[in-house]
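Take a look at this single chain, the form predicted on its own, given in structure tokens.
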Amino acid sequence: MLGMSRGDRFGTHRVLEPRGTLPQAAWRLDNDLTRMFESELLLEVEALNIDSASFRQMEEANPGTEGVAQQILETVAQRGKQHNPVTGSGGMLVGRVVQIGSEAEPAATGIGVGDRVATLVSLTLTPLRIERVRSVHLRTHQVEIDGQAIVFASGALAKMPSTLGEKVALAALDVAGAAPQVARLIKPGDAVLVLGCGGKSGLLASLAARRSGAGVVIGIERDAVAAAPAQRLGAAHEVLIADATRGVEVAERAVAAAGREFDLTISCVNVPDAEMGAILATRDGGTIYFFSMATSFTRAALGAEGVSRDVTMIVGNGYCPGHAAATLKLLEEEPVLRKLFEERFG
């Protein structure tokens, strides 16, 4: 690494277009990984975990494993990263550390060359090069590849745990911000609504709400199959079958089930146009936590204004301090949750 350039800890030196932006906002990144910088870690990538909204969009646009694989290859070839141009979202990855620059230690605290790690930053800001796609798993949204990626000094990594299966841990770490952030939003006795309660983030959010003292937790899912995991987990007092995009109907049914409007609504749906159900179900002065890449914050802001609803709306930030350890601990402490993740992702 002697003689390597320093680079910028946020990765702006990898931005090709448009210049002056940060890597996540950039259209195209430099993914020539034969040239390294001191502020970077190099990973040998084994698998991508594509976020739910992005994977669903790719499946609908070009169904089947080959169709999804081709879209990923095209996106990375065009943009130097897996940044879905339709949904604007990415996912995260798992791989092995190959090289750590001398100024990249902040991202690599407790991690060394040879360690198997998961990235805790989005693929939308991760320089990525794919040599080949080995397999696409439609049910789990995981894609096995041969490739390399860069993590910048400002990024975050988690060492893969030995107590959980790799695919299970990867799935949980992909939504690691959900449970700890919900836990710090809850007040004892709160009425909580979880839209999309049967997905991985919905399960974690529901359980965090129940463990944090919510008075009532109501879940919403699109059909009986999607609702089944939430019903098995038992964190929600009631799970309703409803279309989250039908805002008035969803709100009326959820409020009737809870007996009051909600103090906190968590949206984990992977389809667009679900903002109004969350807004209409939440009381004035309440909070909505949009933990979904399918959310339009323009629709949410204008929608709340249009129905004169005074709610605090929070963007689902996938990071908070200690989120990876907290989420993995939740899986270790809750055997039903762990079983659900193992059945789906193991």
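All residue numbers refer to positions in the sequence shown, first residue = 1. Values in this document were obtained by computation on a predicted structure and should not be read as measured data.
Missing here is the form predicted together with a small molecule; even so, the following discussion is about that form.
Contact annotation: residue 201 falls within 4.5 Å of the small molecule in the predicted complex, judged by heavy atom distances. Taking non-hydrogen atoms only, residue 221 approaches the small molecule to within 4.5 angstroms in the predicted complex. Looking at residue 36, you'd find every heavy atom of it more than 4.5 angstroms from the small molecule in the predicted complex. In the predicted complex, residue 56 approaches the small molecule with a heavy atom inside 4.5 Å. Contact annotation: of the candidates 271, 138, 111, 98, the single residue with a non-hydrogen atom within 4.5 angstroms of the small molecule in the predicted complex is 271. Of the candidates 175, 217, 264, 149, 175 is the one whose heavy atoms come within 4.5 Å of the small molecule in the predicted complex; the others do not. Just one listed stretch, out of 126-134, 191-199, 208-216, 161-169, contacts the small molecule in the predicted complex at the 4.5 Å heavy atom level, and that stretch is 191-199. If you check the small molecule in the predicted complex, you find a heavy atom from every one of 226, 293 and 318 within 4.5 Å.
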